[in-house]
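Presented below, as structure tokens, is a lone chain in the form predicted on its own.
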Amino acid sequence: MSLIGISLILLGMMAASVTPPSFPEAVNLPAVTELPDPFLLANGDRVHTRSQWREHRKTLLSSILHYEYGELPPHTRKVTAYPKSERHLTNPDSLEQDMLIKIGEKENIQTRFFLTTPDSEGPFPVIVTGDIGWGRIKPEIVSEVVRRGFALAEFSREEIAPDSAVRGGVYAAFPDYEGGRLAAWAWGYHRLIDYLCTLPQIDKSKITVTGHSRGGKTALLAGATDERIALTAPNNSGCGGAGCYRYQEEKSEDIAIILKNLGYWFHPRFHQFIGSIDHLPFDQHTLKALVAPRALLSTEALGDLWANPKGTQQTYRAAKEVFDFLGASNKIGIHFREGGHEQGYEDWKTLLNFADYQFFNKEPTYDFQRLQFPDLPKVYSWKSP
């Protein structure tokens, strides 16, 4: 037999031995009332080594994307910046660059982009936010970011994909794409990071992503799906973000409400879990766990009941089991403040303090692992191996 024939047989045997992922319908999935065990393997065994976790992580991510968000859009690294203007700022001295970013071979996806860097020698750690559709970051916050030695990158996720049922942006560029807006927006974060990684003034090992509310949901998904991101920091992200589907406060948003009002944020397959949430094979602690062993901070508001602060503590505790297992116990944090639904100066200052701790070993004055609700019972019975 020729070498070509032998090669074809071997390739056929290899293909036959690869088991495609199984994604049953919700009614055929087992009901799990507690937060599902992220260490549980399909064969009933549990993860026992870090190398096993690395492989199992791929399975968990595939499940989350399949059932909840949809796959991210096709990957393209062609990202081009077209400068519009720049200006020097004072207090502290810094440079703000205004540009248009165009993505893809046909440059048919674009977003306005602002990059503010300290007027000193870099490279600088950078914080990326996609929330300028709601307005630019307030000047006092920008000043604090720059004063602390960080660069700030702002873009508009709504230009990457409209925050509506209209299929523009990514969906016009890739007509067959079926993922929800959160997946499309997370992809937008990744493409802006592609550009930032070409800049000598940016420290590519210290990239942070953040966002508020739906932007926080996006930032969490972006961090879970791109290992270049060193710190993921969702703010008041609630349902579909750092919150919890199985553990709900009386006034918090649940799967039925969010899919009724904003179903296009998710993949259509997610609708099958309305009224069957116990059949969901994961919860949001699983998505948080995919960030490990990189850093993760959830910033929350006690008055923002819609975002389910108690449920967010539940997913934090469960995700921490994975961080502990990977030897990254100090890489996960949570912070609660008084007040309501916003990402204000206190939230940004908290993020900067946590980033200083993670990137520069500056001891924080706040215990980022302090539980706001210490008497809240755990909603899972498993623990890290």
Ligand code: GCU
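Fair warning: this is a prediction, and the values are worked out from it, not measured in the lab. Don't overthink the numbering: it's just position in the shown sequence, from 1.
The protein also exists as the form predicted together with the named molecule; that form is not presented, and the subsequent description refers to it.
### Query
Looking at the named molecule in the model of the complex, is some heavy atom of each of Asn108, Arg191 and Tyr195 within 4.5 Å of it?
Not one of the three qualifies.
| said: Within 4.5 Å, heavy atoms only, which of Ile258, Ala230, Ile274, Ala173 is in contact with the named molecule in the model of the complex? | reply: Looking at the other structure, the residue within range turns out to be Ile258.
- Item | Answer option from Trp306, Phe114, Phe124, Tyr264, heavy atom within 4.5 Å of the named molecule in the model of the complex | Contact check passes for Trp306.
Quick one: does Trp134 come within 4.5 Å of the named molecule in the model of the complex, counting heavy atoms only?
-> The answer is yes: Trp134 has a heavy atom within 4.5 Å of the named molecule.
Would you check, heavy atoms only and a 4.5 Å threshold, whether Thr76 touches the named molecule in the model of the complex? Outside the cut-off, so no.
Answer with yes or no whether Glu249 is in contact with the named molecule in the model of the complex, where contact means some heavy atom within 4.5 Å.
So Glu249 does not count as contacting the named molecule.
Would Lys288 count as a contact of the named molecule in the model of the complex, using a 4.5 angstroms cut-off between non-hydrogen atoms? Judged by the heavy-atom cut-off of 4.5 Å, Lys288 is well away from the named molecule in the model of the complex.
Going by heavy atoms within 4.5 Å, which of 77 to 85, 274 to 282, 94 to 102, 207 to 215 lines up against the named molecule in the model of the complex? Only one stretch qualifies here: 207 to 215.
### Stretch 334 to 360: residues contacting the named molecule in the model of the complex, 4.5 Å heavy atom cut-off
Read in sequence order, the lone residue that approaches the named molecule (within 4.5 Å, in the model of the complex) is His341.
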